[in-house]
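This text opens with one protein chain seen in two forms, each one given by itself as structure tokens under the names structure 1 and structure 2.
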Structure 1
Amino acid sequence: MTQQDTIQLGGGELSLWGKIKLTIARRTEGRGVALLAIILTVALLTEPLVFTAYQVTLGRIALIGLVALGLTAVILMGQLDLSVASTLAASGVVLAIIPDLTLGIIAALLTGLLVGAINAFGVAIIGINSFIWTLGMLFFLRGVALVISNEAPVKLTNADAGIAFGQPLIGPITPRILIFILVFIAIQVFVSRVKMGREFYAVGGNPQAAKDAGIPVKRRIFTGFMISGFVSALAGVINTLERTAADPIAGSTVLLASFAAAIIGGNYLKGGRGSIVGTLIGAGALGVLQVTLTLSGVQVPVQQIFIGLVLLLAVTTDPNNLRAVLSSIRSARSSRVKVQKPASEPNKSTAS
């Protein structure tokens, strides 16, 4: 081994097709895109109304997706936030019980930030698994929402402002959709371009490495949970304004739907892998599916079965897993065709 100037360890140059394949392989959103494409095609064929009434479809996507966007920030760090739905409910009630609208909105959003901080405190400072800590928070906040609302829906003092809020701003774009888009852009830029957000991937992918590299892991966890809490509260505010009342048991379908959106979008629950774009795609797929089913008037139990099957399909078709399953089926099949030749072949040289 004489003196070398360089050492080549990786693969060589790639063809164009190789580069394309490489780029695709590096992305995490594949399944979400495929699912969305199928759903869009089916919707286009069976219920074109999904597209003509696109503001409704967008509204549904925003309803499902907003919370999922915040949640993704937490998931990227390998954490979970089960308290999002309760945060949504509690902040909505906070908004409604405060007579002054502006003050109410501020208080509601602060509630979200506070919840996020408490979640992060439990996870980062006390050092508790986020699944458990936020499960506690789920119950606690639901209780808080019930207690401060006196266990009944609270009407907004200024209901007209709420109704005005629900009206389209530009074309069919309602504030909800606009806020959703803005939040998407903000978080997307944050985790892909901003140093702090980019480091979420490091915290999720290898916390020890992140710590060793001088990344303030705890502070990142605080940021992530506060994003999640804030976005959930924002969703609570939007819902309350649009409906002109706050429901203390709101969001019963939000938690699971937002998890489903994040996971269909290719976010890895153990952290470090995934993207905000993926979550958007996941929310899109779910939202279009729901609207299609509602529009075509399918009976609710059948809808449920449908959504369940789609979810099951989405989650069992991770390309890597599928490949592994297929090849083990193949080798299991070949194992049955046993070669029964006795050990009589000559001792041929083991290598040539």
Structure 2
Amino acid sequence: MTQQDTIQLGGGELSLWGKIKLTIARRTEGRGVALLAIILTVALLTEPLVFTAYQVTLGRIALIGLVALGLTAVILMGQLDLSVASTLAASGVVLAIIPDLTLGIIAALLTGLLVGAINAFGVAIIGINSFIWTLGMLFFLRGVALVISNEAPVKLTNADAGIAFGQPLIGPITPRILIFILVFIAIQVFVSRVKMGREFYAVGGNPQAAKDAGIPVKRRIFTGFMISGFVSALAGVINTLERTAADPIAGSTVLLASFAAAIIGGNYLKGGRGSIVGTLIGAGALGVLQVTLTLSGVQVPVQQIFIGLVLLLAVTTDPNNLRAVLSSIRSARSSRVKVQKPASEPNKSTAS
């Protein structure tokens, strides 16, 4: 390479395609954007109705994305919250069993905050792995929801308010979609503009270094889990209002989809890397995929297979994983070459 070539590269003299690849490589959302483009293309060719049924498509994206946004706040710190689906179900049942709608909504949201605080206590104070603790909470909350609902859906006392809540406000924009947009803006501003939110990345990148730098790691973990619990409860409130009844086993498919949305969007499960925008892109991809499959007549169990495949694709195409695989291949090749060299040396001596 000549000095002139080096200067041109260093000065950023890249083609348009090169600039696009560089931008995608620098951003964690690159895989999500690529996957969203593929899914949109497939949907356009197979089920173009997806692009005209705005309310259905946006509503599905909002349901997946809402829970995924709360999850992202936890994932950025290198933690997991498997209890989000059960929090959604339990908070919905709490709302339905209280006759007064306003008090029911408040109680449901407080339930989410309480679950988040309990999860954070187990992880930050007791020191239990977040996967194990929140897995236990998943079963505990599911049991609570089944017990207080007598294992049956609980109808809202004020069903008319629930029906009115599900009606569009402006065009295809329903309250669910509007709330999702507002939550997205709030969490995006929090993790990108607020000091406390930006510290989530430091906690996820290196908890000990963050602690040494004066960041209250335990308090940040409490904040993240309480955000996740609150947003999951909010999703439960929305789901119950729109259905005018609370299902104690609701949200069973939301857990996989929300985690998939966060991972597809480029959020690193070990923490320290990711973005709220990426989660939005991942939720958009999965929402469009699910609506496309539903319109095509694909049953829900089969849809789960597709989501699982998309999740596996997202994980295997992670740049860190690809670099690890390439490194392993190079190491295997180099070790094989070293093993073959001693075998070839005696042949040379014999020939001489």
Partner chain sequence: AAEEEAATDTSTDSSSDSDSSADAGDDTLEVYALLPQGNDQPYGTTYLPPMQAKADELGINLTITNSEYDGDKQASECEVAVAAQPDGIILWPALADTIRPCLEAANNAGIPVWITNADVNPEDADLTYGYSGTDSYGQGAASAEMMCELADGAEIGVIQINGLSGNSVATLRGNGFAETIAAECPNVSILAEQPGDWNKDDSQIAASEMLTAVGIENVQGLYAADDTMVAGGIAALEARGENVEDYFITSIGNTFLGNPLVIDGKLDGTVFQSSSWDGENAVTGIYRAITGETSLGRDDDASVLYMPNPKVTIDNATDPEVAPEW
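Please note that residue numbering is based on structure 1, beginning with 1 at the start of its sequence. For clarity, every value in this text was computed on a predicted model and none was experimentally measured. We call the rigid core whatever largest set of C-alpha positions still superposes within 1.5 Å between the two forms.
Of the two forms shown, structure 1 is the one predicted in complex with its partner chain, while structure 2 is not. Superposition of the core reveals a Cα shift of less than 2 Å for T57 between structure 1 and structure 2. Core-aligned Cα shift between structure 1 and structure 2 at P301: this is 6.0 Å. Superposing the rigid core and comparing between structure 1 and structure 2 gives a CA shift of 3.1 Å at V310.
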